[in-house]
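Here we start with a single chain on its own, the form predicted alone, put down as structure tokens.
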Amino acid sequence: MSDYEKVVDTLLGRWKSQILYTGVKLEIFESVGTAPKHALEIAKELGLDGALSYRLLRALASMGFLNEKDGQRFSITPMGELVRKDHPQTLRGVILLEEGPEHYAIWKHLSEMVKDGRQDGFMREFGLRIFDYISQNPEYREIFNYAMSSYSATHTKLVLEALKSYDFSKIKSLCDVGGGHGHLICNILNGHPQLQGTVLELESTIKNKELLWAEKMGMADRCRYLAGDMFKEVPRSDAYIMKMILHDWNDEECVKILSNIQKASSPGGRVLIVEHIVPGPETPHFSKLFDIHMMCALTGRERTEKEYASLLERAGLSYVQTHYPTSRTIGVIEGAKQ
């Protein structure tokens, strides 16, 4: 691909993401199967306009999510399978969130934020910070939680790979701070039978018991859910884990969370911080793009290994090491209380 073509491809990236969002929102991928199916049959099944549906299906096929055969017949591809509701690593929730109306709207403030040095497009667009907006908007909250579940399957796999050689033998209790529905901690408990787990979360996140992974994975006797606020206090535990939490917050807010962990920890206690870690200037990385999303959505940012080590030090903890999966997509920063 020439430089010109790369620029055009980047420029038109929003076209592609919005076409995919529309296909997901209209449940195109639930209707299209492995056997070729006529566009009009798909449209009728979903209650869509036949002519415009064909054009959408054709565009999705051009992007690799569907196969198009002669006679306007379509079947699903492996890429399309990844956005179906029933795929174990579905990205459907992520697409509905990141290309939905709220997240679409906040990006228009990016240039002004870079000019005046004040981030948080949610506050600019809606007059609320994102977590306040979540609490006041049930429809957005449902999509947000769905997206976090979509992310969880991939993140959990990467964390387990990064920590496959980690010595949990001296740890009896593990607290997942901001642990959502408990997907990560339940998978860790599954591999370490001596562990007891706690998920610290907002009441609004854990009140729907049907969504909690402890019950679904048969871990209810080993994993409890505790409603609370990590900015006020965390429960006592031998070790703590936080997945994609600190990147939501600015440095002062991060130090507050880590200081609460430091206070609740016993000497030698551990904290495992799971994040997309920014590598050096020579390395292109997802974290450098995700960092701009954090600029738009919250007060936080993606950080380097040294910057996370500095946050630990400011909270009275020491940096130990960083554990990576092979892909280095994420990292697990290990800190300790002396």
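So that there is no doubt, residue numbering starts at 1 and follows the sequence shown. The structure presented is a predicted model; accordingly, all values stated were derived computationally and were not measured.
Keep in mind the form predicted together with a small molecule is missing from the figure; the text below concerns it.
Not one of G197, C223 and N260 comes within 4.5 Å of the small molecule in the predicted bound form, counting any heavy atom. The chain is drawn here without the small molecule; in the predicted bound form, the stretch among 187 to 195, 72 to 80, 106 to 114, 228 to 236 whose residues come within 4.5 Å of it by any heavy atom is 228 to 236. The shortest heavy atom separation between V94 and the small molecule in the predicted bound form exceeds 4.5 Å. Not displayed here, the small molecule is kept clear of F168 by more than 4.5 Å at the level of heavy atoms in the predicted bound form.
Contact between G121 and the small molecule in the predicted bound form is not found at the 4.5 Å heavy atom cutoff. Within 4.5 Å of any heavy atom of the small molecule in the predicted bound form lies no heavy atom of S265.
Only one of L212, M148, L163, L174 lies close to the small molecule in the predicted bound form, with a heavy atom inside 4.5 Å, and it is M148.
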